[in-house]
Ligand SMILES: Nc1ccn([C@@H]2O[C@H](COP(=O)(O)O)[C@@H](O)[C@H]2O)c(=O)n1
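This document opens with one chain alone, in structure tokens, the form predicted on its own.
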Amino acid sequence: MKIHFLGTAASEGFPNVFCSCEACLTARKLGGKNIRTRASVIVDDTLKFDYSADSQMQALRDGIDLGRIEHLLVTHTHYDHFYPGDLTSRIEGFAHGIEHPLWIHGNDLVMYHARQALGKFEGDRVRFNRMKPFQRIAAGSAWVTPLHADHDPMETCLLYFVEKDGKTLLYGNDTGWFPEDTWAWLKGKKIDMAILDCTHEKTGIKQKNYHMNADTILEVHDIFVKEQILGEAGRIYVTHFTHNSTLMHEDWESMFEPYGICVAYDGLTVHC
């Protein structure tokens, strides 16, 4: 699988365009990998995780043809992960040369907002599929299983386990410590790549809810290795960084390099 990181920031972006904190000022000055847009990933040019208002700019920046996307896997409805009104640009008359529908997959609330924005266009250009936790579906040539996240207690937020071409990918964003039923499901599985929410820096305390911090990531890494969930060639990539962490890209790399954990940045393309 080809994994393309379109964005690697938390909801406010990094730097936050309204903010003049030291971290945001430093990121603007340094540029490069320190400029982060809202988190999203594309797999093999046809399967996308989440769709924020940054998606159009990300596609233009990286030369991505979003018309090729066949399946959109939405984790939850927070604005930095799902902005369905923008998908109106894909309908007949606005976009030409598209011969397949975009399948939007997600929980009940995702379906509600997607149909509110796009329901009248359902058919050749857009279709909807309500996902149920732990029920595996086919998405093109991939198999996708949604798992429970611990993020917003008022919404059934989802993580996704993707199996494709003999490889496996866990998209673990947004979430705190995995719920017990997700840990139970992962037991005995093999992961070639895990993309994990590392919103916050090290605090000395494991972040249990909403998001992970660096301490949580290290504990998840230890369990993945101990339970042989992450194979010898498997890799963890961390993403979804907040400017409130105050850390630049090189700081994150220095922290995680001893553990073999990789730090994602906008535009990064890797294979698993």
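Quick note: we count residues from 1 along the sequence shown, nothing fancier. Please read these numbers as outputs of a predicted model, since none were measured by experiment.
The form predicted together with this ligand is left out here; the points below concern that form.
Proximity to this ligand in the model of the complex holds for none of K48, D86 and R125, with the criterion being a heavy atom within 4.5 Å.
A single residue from the set Q207, N34, S52, T242 has any heavy atom within 4.5 angstroms of this ligand in the model of the complex; that residue is T242. Of the stretches 156-164, 103-111, 179-187, 193-201, only 193-201 has residues with a heavy atom within 4.5 Å of this ligand in the model of the complex. Although the partner is absent here, D150 sits far enough away that none of its heavy atoms falls within 4.5 Å of this ligand in the model of the complex.
Proximity of H211 to this ligand in the model of the complex falls within the 4.5 Å heavy atom cutoff. When contacts are judged by a 4.5 Å heavy atom cut-off, E253 does not count as touching this ligand in the model of the complex. Among residues of the shown chain, A264 is not one whose heavy atoms approach this ligand to within 4.5 Å in the model of the complex. Although this ligand is not shown here, in the model of the complex the stretch 1-15 places heavy atoms of A10, S11, E12 within 4.5 Å of it, in sequence order.
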